[in-house]
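Only one chain is shown below, in structure tokens, and it's the form predicted alone.
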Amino acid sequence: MKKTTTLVLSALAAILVGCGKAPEAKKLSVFCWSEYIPQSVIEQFTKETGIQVSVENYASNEEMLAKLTAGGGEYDIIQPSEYVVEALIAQKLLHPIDKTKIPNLSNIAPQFLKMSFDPDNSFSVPFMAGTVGIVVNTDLIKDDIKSFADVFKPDNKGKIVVLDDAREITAWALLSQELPINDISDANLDKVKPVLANWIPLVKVFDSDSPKTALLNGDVAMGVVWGGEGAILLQSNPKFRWIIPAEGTHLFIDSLAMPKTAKNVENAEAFMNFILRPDVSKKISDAFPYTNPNLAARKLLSEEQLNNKASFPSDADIAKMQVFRDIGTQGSKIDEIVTSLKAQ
């Protein structure tokens, strides 16, 4: 969610050698989501290029933004979701991309390019997409779960894991009231606050990093989780069932982008192009089976992978999904509401 604080832009020191710029150091700093880029991919990039990569993880867009706006780290690549790309572009906090350095961008499916948050892909390269859905352990839950309303029933108290993400949880409450997920007016927040007040005390585990863990361990019986996590659960045991909520859900697109303060721009663009290589993108899907927008990589996936509904919803389902937009300062109100309810 957008923070109004502007990043303090560090001055870029131009080191001149003769008439040209000196080569960048052989290093790259990546700030990305947890459980999203396999270590083997990082190691392969270093082996092929000699560029040493340091990786730091975050569990939510808001955590990433807080670190960036506080000047807490110098990163060359970040991995923002669509509404954060929109906000960062508006604040002029992203470094433009030289698309001639990223020929593998041609591998991306057209439906994931030129989207509203970055119409010309001037600042972002699609990395992975996905959705949020319900996972049920059918050994423990015999009810026919179809919706958020079915999950958040008093009888299910202590049996639920959900994402530790205020924007996500609020979106589910909005959908349950047939309200658009981006219509975060004060009036609509007043409407969904009682819903959240009923839902949040029922949750046993809040976890955005690895919500599948509580389900695999049997600590909970159902959850509202990322599609990639749901796909791993479906692969692990047929007792797990994936449900797209009857109220609806949203499509997220996570991208690779460079902060305005990036120091190793050429290395970052090389990394982007490497990530979009079909064989590399396949490795990412193998480890973290989200919706891969890379058509060339999809050709390398197995039928089982492509038929996993948590990884690849149908086109009809995707057409019904909404995409998060930047909601400005209303984001802090959502944080306050959810944080206060969790503390009760």
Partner chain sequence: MSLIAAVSGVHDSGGYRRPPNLVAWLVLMPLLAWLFLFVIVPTVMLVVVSFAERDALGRIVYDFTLQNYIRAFDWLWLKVLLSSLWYALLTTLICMFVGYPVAYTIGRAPLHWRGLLLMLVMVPFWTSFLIRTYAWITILSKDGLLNSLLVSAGIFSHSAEILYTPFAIVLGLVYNFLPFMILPIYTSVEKLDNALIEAAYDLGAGPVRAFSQVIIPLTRPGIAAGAMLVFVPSIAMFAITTLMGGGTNPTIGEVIFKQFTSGRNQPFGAALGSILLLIFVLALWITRKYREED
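Please read all numbers here as calculations on a predicted model, not as lab measurements. Positions refer to the first chain, counted from 1.
Absent from the display: the form predicted together with the partner chain. The rest refers to it.
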Which one, 65, 275, 297, 53, lies within 4.5 Å of the partner chain in the predicted complex by heavy atoms?
65
Find the only residue in 250, 95, 204, 153 having a heavy atom within 4.5 Å of the partner chain in the predicted complex.
204
Can you say which of 227-235, 117-125, 211-219, 266-274 gets within 4.5 Å of the partner chain in the predicted complex, counting heavy atoms only?
211-219
Can you check whether residue 91 is within 4.5 Å of the partner chain in the predicted complex, heavy atom basis?
yes
Please determine whether residue 332 contacts the partner chain in the predicted complex, using a 4.5 Å cut-off between heavy atoms.
yes
Examine residue 75 and determine whether its closest non-hydrogen atom to the partner chain in the predicted complex is within 4.5 angstroms.
no
Does residue 83 make contact with the partner chain in the predicted complex, using a 4.5 Å heavy atom cut-off?
yes
Using a 4.5 Å heavy atom cut-off, are 180, 190 and 197 all in contact with the partner chain in the predicted complex?
no
Out of 322-344, which residues reach within 4.5 Å of the partner chain in the predicted complex, heavy atoms considered?
326, 328, 329, 332, 335, 336, 339, 340, 342, 343, 344
